[in-house]
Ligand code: HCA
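In structure tokens, one chain follows: the form predicted on its own.
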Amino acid sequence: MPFDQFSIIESTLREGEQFSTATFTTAQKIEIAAKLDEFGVEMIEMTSPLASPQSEADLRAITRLGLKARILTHIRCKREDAARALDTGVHGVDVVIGTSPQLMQHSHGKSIPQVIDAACDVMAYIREQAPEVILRFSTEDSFRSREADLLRVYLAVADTGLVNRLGVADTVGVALPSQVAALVSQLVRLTGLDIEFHGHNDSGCAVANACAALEAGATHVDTTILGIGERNGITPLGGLIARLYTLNRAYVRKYQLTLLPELDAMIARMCHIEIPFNNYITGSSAFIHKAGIHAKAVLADPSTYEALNPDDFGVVREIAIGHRLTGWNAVRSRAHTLGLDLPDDVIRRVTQLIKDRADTQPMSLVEVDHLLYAHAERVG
């Protein structure tokens, strides 16, 4: 699957609602959906209408907004769930059922033949009621399921000819990229259907696994803003964008990248959390250069130490200079920014003063500027 033909299923309003501090109001959900639509995601997935009366009301409200993004809802593999979902007017229904030994024993209690029967029954019901609705079937906990069980289920569902897309889910975040690639490529080869990947980040592989899925032929990836979700969440929207951008900027050109900082800040505010300092693209340290050798090269050509261009995301780079690792090129650049034309020997002297003082305590940019102005007055 070429990387430039994938679609994002943005699940902040479904998976994201399962994050520990996420309790979105209707107004907040509308704000999130509208901003995601402006960003350009192809699909927005929302909580099942059976979760609560407010969940159903919110689903109906978002569906009525007339967004470009298709509105999906995520349901259990049950006819009653499907009936309620279809009644809301959603554009798509995402059906899921567990296939791992753990979930078969402790969640729904069905055997693999019973899972197949339930899946085929629900798929047929949905298709009878809504021939045009987008229909996805996914196994839950795919990567702790037995391969033979998975293939039996997927092939039986695919053979019905009723679904648009099959989903694979790394529900507890245990898969390796190689495992994701193997399963996705196998399903592409055997079924010819679109494949969706949903990956949790419990062991830090969500972005890598999503990229492996796309490389193997997946057509859709689930994301949430800031990666929020159950436990450690899933593939973060910004993380997926950053990974694909570094492969080829053209892969993400269809999205309004400058909205990423606004999206991340919005969810951080609503969930009462801080954006991690090392967050993809929008973290406070994402574009700060400190070491002298790095600063010198970045001042000459930012691409020497930046795989991502901050300008493309509406953020700015920073050259940190008030520390013991600073270099005279960075200090000279700061002097030029201030409109000060200082000889190189003066710049070197100021640089040494910064290093000496910063050995005790780092200097603020204001303190560095005062030092530069003071030396400019002496030279003048």
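This structure is a prediction, so every number in the text was calculated from the model and none was measured. In this text, residue numbers run from 1 along the sequence as written.
The form predicted together with ligand HCA is left out here; the points below concern that form.
With the partner left out here, ligand HCA still marks one of 264 to 272, 137 to 145, 278 to 286, 301 to 309 in the model of the complex; by a 4.5 Å heavy atom cut-off that stretch is 137 to 145. Among residues of the shown chain, Leu150 is not one whose heavy atoms approach ligand HCA to within 4.5 Å in the model of the complex. Among heavy atoms of Met104, none comes within 4.5 Å of ligand HCA in the model of the complex. Looking at His220, you'd find every heavy atom of it more than 4.5 angstroms from ligand HCA in the model of the complex.
Proximity of Thr171 to ligand HCA in the model of the complex: non-hydrogen atoms within 4.5 Å are present. Proximity to ligand HCA in the model of the complex, taken as a non-hydrogen atom within 4.5 angstroms, holds for one residue of Val188, Leu86, Val96, Cys205, which is Val96. Looking at 198 to 218, the residues that come within 4.5 Å of ligand HCA in the model of the complex, counting any heavy atom, are His198, His200.
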